[in-house]
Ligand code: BGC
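Presented below, as structure tokens, is a lone chain in the form predicted alone.
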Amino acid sequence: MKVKKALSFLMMTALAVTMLAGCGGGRGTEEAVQTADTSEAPADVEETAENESTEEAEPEEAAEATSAGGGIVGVALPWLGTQNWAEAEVMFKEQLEAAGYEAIIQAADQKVPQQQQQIESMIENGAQVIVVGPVDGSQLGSVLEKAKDAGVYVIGYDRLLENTTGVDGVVQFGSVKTGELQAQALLQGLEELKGEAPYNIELFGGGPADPNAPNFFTGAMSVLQPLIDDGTLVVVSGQTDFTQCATVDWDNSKAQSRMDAILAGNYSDIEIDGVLSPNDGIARAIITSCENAGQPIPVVSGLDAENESVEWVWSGRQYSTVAKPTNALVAETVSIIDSLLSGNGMPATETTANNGVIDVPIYELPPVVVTKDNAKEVFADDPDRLALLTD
């Protein structure tokens, strides 16, 4: 009799919470639970319903049930056209399902309207958390506000979500630090391979719609600009502003066309020594352009440790890349989702970034520069990339 009364009371409490929370929203559910002061009720109801003839769950068992996963998580990716985004799709599915969540994962083929529609669909399908790797972090404000109003948590993945209050935090590798590492690697390679200064170099940036791209460039220029000013580095084309150096959509073919034009217009009778590249695909396009122009291979930086570039670094064709392990970034994101959906809120962090409207909590992981000298050490726990380092 006592068990039935407890079940009846708890089911009524759970129903009241559901009505307050709206249709499945993660943020609204947490707030309603806190208001009703019955934070343990959902776990107890589940436990009692499964075992009507048993006694009420022990507190430790109830806590375990609350934090053991469950719920719907949406993941909106910008596209699958580079290795890191393709890896993210696979790893989010594996890690979310292993944690007990139902995963809705979609990619937008670099189209903002498509990503807006995908996020709206995730809201309508009851997602409690939506992870967003934006095509353009400044153009999702309306749909993210809609998610917020529906009680859905929003986590930016790898890129800042700008000009909106509809974001709870961003998980990424330090973007300014990444640019600093790229520049430092470029300088190290120039000293090792190109003799004494001055060095003729060119600068490339990433896609202007990606908020990380200007940060990469800013970090790099904080290292390079003093050496440009004192003549150690010579940007022969004179193109040193991000707007001049950006590569729309991170498009490798556009980068190669720009490099072709720079070489044809400025390097007919001199050699190019080095190029700052924002990622591996653009690095390979730059190197190919130089080879086609009959130039010696310059020192070129990179980013993402894509398989092909790892092989090029190992063979000496590309000097460096920067590793940002997708598995670690996904794992950090899933850890935050666990915290949110177990009722513990966003984890503490001392790092924030202003997105134009609010200061957004940032969860940063440390990137690491990779050259032939340290590649085996960096990839010691990555058997797939380690297998690429063959003599």
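Residues carry their position along the shown sequence, with the first being 1. Bear in mind that the values here come from a model prediction, so they are computed numbers and not experimental data.
The form predicted in complex with the ligand is left out here; the points below concern that form.
> Please determine whether Q139 contacts the ligand in the model of the complex, using a 4.5 Å cut-off between heavy atoms.
Judged by the heavy-atom cut-off of 4.5 Å, Q139 is well away from the ligand in the model of the complex.
> Can you check whether F216 is within 4.5 Å of the ligand in the model of the complex, heavy atom basis?
Yes, contact at 4.5 Å.
> Using a 4.5 angstroms cut-off on non-hydrogen atoms, would L303 count as touching the ligand in the model of the complex?
Residue-level check for L303: yes, a contact with the ligand.
> Is there a heavy atom of Y267 lying 4.5 Å or less from a heavy atom of the ligand in the model of the complex?
No, Y267 sits far enough from the ligand in the model of the complex that none of its heavy atoms falls within 4.5 Å.
> The chain here is shown without the ligand. Which stretch in 83-91, 121-129, 163-171, 258-266 comes within 4.5 angstroms of it in the model of the complex, by heavy atom distance?
So the stretch in question is 83-91.
> Scan Y101, F204, Y199, W250 and let me know which has any heavy atom within 4.5 Å of the ligand in the model of the complex.
Contact check passes for W250.
> For the stretch 305-328, I need every residue with any heavy atom inside 4.5 Å of the ligand in the model of the complex, listed N to C.
If the 4.5 Å heavy-atom criterion is applied to the ligand in the model of the complex, 305-328 yields only K324.
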